[in-house]
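First, one chain by itself: the form predicted alone, in C-alpha cells.
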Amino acid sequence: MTEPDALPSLWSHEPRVQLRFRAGVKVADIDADATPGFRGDKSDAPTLQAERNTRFAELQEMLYANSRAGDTRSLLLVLQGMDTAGKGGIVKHVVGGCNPQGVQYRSFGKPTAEELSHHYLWRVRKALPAAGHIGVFDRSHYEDVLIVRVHNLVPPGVWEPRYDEINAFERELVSAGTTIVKVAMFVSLDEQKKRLAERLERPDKYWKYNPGDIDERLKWPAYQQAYQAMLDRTSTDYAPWHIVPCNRKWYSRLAITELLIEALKGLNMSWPPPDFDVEAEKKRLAAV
C-alpha cells in the first residue's frame, strides 16, 4: 500500500508540475489522447482511483474539521472545457467521493436577467466556498472571456479588460485563504463527436444532449483562440492553469483527483485538537 502522502508510483511526476500550463504551449497542439506523467494504463485506474478517493475524502474532512476550530481556508476547483469534456464525470466520480457536507457545487450557465443586471463577477462571488469547504465551479467566470468572446455577446472593449480583472479577483481570493485549482479540460473533436453520438443512441442520455452543441463544434477555431488567450493571460503563479487531456476519462479523473490531493496537502493541515478534557469526558460518559 502506498503511503497516504506519497505520490503513487504509477505517476512519474506530480500532476501539479506535469500538467501546469507553461508559456508557449499551444492549444492547437494539445494531444487529448495523451496521459502525461502516468506510467500505468486503464486497467490500473479502478483500484488507484478508489485508493486516492479515500485519501481525498480524508483531507477534505480535515479541511472541514479545521474550519469548526476557526480555520478560514477553503479550496476552489474550476473546471473549464467544451461540452463532453467530462466536467460532470469529475463532479460525480471524484468530488462525489467525499462528504457532501463540505462541498459547494455551482454550474454556471446562461446568466439570468438578474445576473446580467450586475457586474459579471457578482454571481461568482455569491457562489464562493465558505470556510472549510471545497467549491466546484462547473464552468465559471471564464465563460465571460470564452463564450462571450466567441459569440460576440459584448464588444472587445468590454471583454478584453476582463483578463486583468479576473487575475485581480483571483489574487484577492488567494490572499483571503482560498486555494484555487484551475483545470482546462480538452477533448478532441473526434472524441466529442463520438460522445455526442452516444447521447443520441441512448434514451438515458437524451437529457444531456443539446442541439446547440453542433453549432459550437463549428466554432472550434474561434474557441481555440479564446482558450489560448485565457491560458496565456490568466495562468498566474498564485492561480495557475493545469491542462488535462480528457479523451481517456479514467486518466482525467485520476489526474484531477491528484491535483486536489496535492492542493490540500499543501495546506499542511492536521486534525484539530479537542477543546475539552478527553479523559474527563471518558469518565463522564462511562458514568451515565
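All values derive from a computational prediction rather than experimental measurement. The numbering used is simple: start at 1 and walk along the sequence shown. Between two forms, the rigid core is defined as the largest C-alpha subset superposing within 1.5 Å.
Not pictured, yet referred to below: the form predicted together with a further copy of the same chain.
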Problem set entry | Candidate site Val95, Lys193 and Asp215: all three near a further copy of the same chain in the predicted complex by heavy atom within 4.5 Å | yes
For this session: Answer yes if any heavy atom of Gly24 is within 4.5 Å of a heavy atom of a further copy of the same chain in the predicted complex; otherwise answer no.
Result: no
For this session: Indicate whether Tyr163 is a 4.5 Å heavy atom neighbour of a further copy of the same chain in the predicted complex.
Result: no
Exercise. Hey, in the predicted complex, is Val17 touching a further copy of the same chain, heavy atoms inside 4.5 Å?
Worked result: no
Exercise. Looking in the predicted complex, any heavy atom of Glu114 within 4.5 Å of a further copy of the same chain?
Worked result: no
Exercise. When a further copy of the same chain is placed as it is in the predicted complex, which of 248-256, 57-65, 231-239, 30-38 ends up with heavy atoms within 4.5 Å of it?
Worked result: 57-65
For this session: Would you mind picking the one in Ala131, Val91, Val78, Val150 that has a heavy atom within 4.5 Å of a further copy of the same chain in the predicted complex?
Result: Val91
Seminar exercise, completed: Those residues of 249-287 with a non-hydrogen atom no more than 4.5 Å from a further copy of the same chain in the predicted complex are Trp271, Pro272, Pro274, Phe276, Val278, Glu281, Lys282, Arg284, Leu285, Ala286
Problem set entry | Rigid core fit then Ala23 CA moved by 2 Å or more between the shown form and the other one | no
